[in-house]
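Take a look at this single chain in structure tokens; it is the form predicted on its own.
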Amino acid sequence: MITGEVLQALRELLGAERVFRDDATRALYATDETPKSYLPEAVLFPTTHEQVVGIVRLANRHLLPLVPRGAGSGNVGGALPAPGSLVVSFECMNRILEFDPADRLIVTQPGVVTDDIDALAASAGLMYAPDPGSGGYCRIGGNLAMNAAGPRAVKYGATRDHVLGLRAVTGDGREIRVGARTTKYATAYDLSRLLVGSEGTLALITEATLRLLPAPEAVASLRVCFDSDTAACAAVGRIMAQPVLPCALEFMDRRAIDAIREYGVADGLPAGTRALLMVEADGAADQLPRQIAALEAALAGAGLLEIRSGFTPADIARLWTARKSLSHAVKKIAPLKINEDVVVPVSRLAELVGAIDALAATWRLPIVSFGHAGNGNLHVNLMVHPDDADEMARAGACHDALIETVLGLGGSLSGEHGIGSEKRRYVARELDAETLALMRDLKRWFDPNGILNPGKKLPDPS
């Protein structure tokens, strides 16, 4: 419980208008995209690095848990408050501090909306490559915490691959700067890559120096229809084995196709379509036709029904309509979506898709799979009715079997969403005891009293 002394100190540090304890605000920040909800003790809105330092030092002295938060758009419980915690919302730290097109970098506070970074880069013919699906409203701090990615990761990598340096505050209030402003750097341990994806359990990031890239001159897309999941997965393997690397390679299974047909956005799909790939290429305008021709040649094979291409923004948008509508379409199947973002080696993708079909049959559940096939990263959605106890029990057993299947294929629990509170019980199945012990040692070095985002990322020692 927060004391009057601590509350007064917080108000003096931030200003009374940035410390909220009313029920409405606490309820608003009690949840993220998971269905769970836990009321924090208070919600804080710092605007500067120095204020974050003050918050952490005060919380460390009084052993108050701190839960960092961006837009709350995560779906693994990464921003769920812990008992007795203070939510530190970074949405008011929303300034871009520096934009340097000559050195292709941008320095930003954590509360900046991700797409706003890309928009500023575009004004100088550059781009910020990571493109999470929530880019129009998620914050870069949350992307850094979870190592967010998106369709372009197949060519350009995830958030971690575009971070040059960070400014942060450890759990005991130490101010650290890690990384550099240069794309080559070999002086120190790579603590930037350690902090990115650590889900706010090691330090609170207050400033990020991000790498920008030249924007491609042109983009083209292919919508590719197959008569089976197996045929589509085989085509993914052929694409990833040839020299032209697409900037996006997205997969939708037969249940996803059924969902978009029901949603009314499947116009133009040929009869018999049971799987779909979206393939995108980018680069120099005069080279794009050659790239598309190479991709079409790789796609050709058993089970191919149709390839449609788009070279103009309007045509590309039409081709992507089905994929962009999918998250809304699946909500018509059942009110609750148990979502996993598992990842396997690309060579095992067909085995994973086949295993998901078997799980759906065994546990009598609709399971919709789609995602970033070029990375072997699928969003597997168990669609359930939370008021049906038998269905929820079957979903739990199916979920557990899915995790075992993924790990058995040499895969991992998360490709881009992170672990949060919802997946931590599975982490010890993937990581050996010595690795987990080392991770816990790192946690203690950065956060000796364990106040930063407790109950996230690492499993309980037991």
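One rule holds for the numbers: they count along the sequence shown, beginning at 1. It should be emphasised that the depicted structure is a prediction, and the values quoted were computed from it without experimental measurement.
One more form of this protein exists, namely the form predicted together with a further copy of the same chain; it is left out here, but the text below deals with it.
- Contact check for residue 375: a heavy atom falls within 4.5 Å of a further copy of the same chain in the model of the complex.
- In the model of the complex, at least one heavy atom of residue 214 sits within 4.5 Å of a heavy atom of a further copy of the same chain.
- At the 4.5 Å threshold, heavy atoms of residue 16 stay clear of a further copy of the same chain in the model of the complex, well away from it.
- Although the partner is absent here, residue 161 sits close enough that one of its heavy atoms falls within 4.5 Å of a further copy of the same chain in the model of the complex.
- With respect to a further copy of the same chain in the model of the complex, the three residues 198, 343 and 441 uniformly fall within 4.5 angstroms at the level of their nearest heavy atom.
- In terms of contact with a further copy of the same chain in the model of the complex, the residue from 382, 330, 202, 121 that brings a heavy atom within 4.5 Å is 202.
- Distance criterion of 4.5 Å from any heavy atom to a further copy of the same chain in the model of the complex singles out 188 from the list 314, 300, 361, 188.
- From the list 345 to 353, 263 to 271, 67 to 75, 332 to 340, the contact stretch for a further copy of the same chain in the model of the complex under a 4.5 Å heavy atom rule is 345 to 353.
- Using a 4.5 Å cut-off on any heavy atom, the one residue of 288 to 315 that reaches a further copy of the same chain in the model of the complex is 290.
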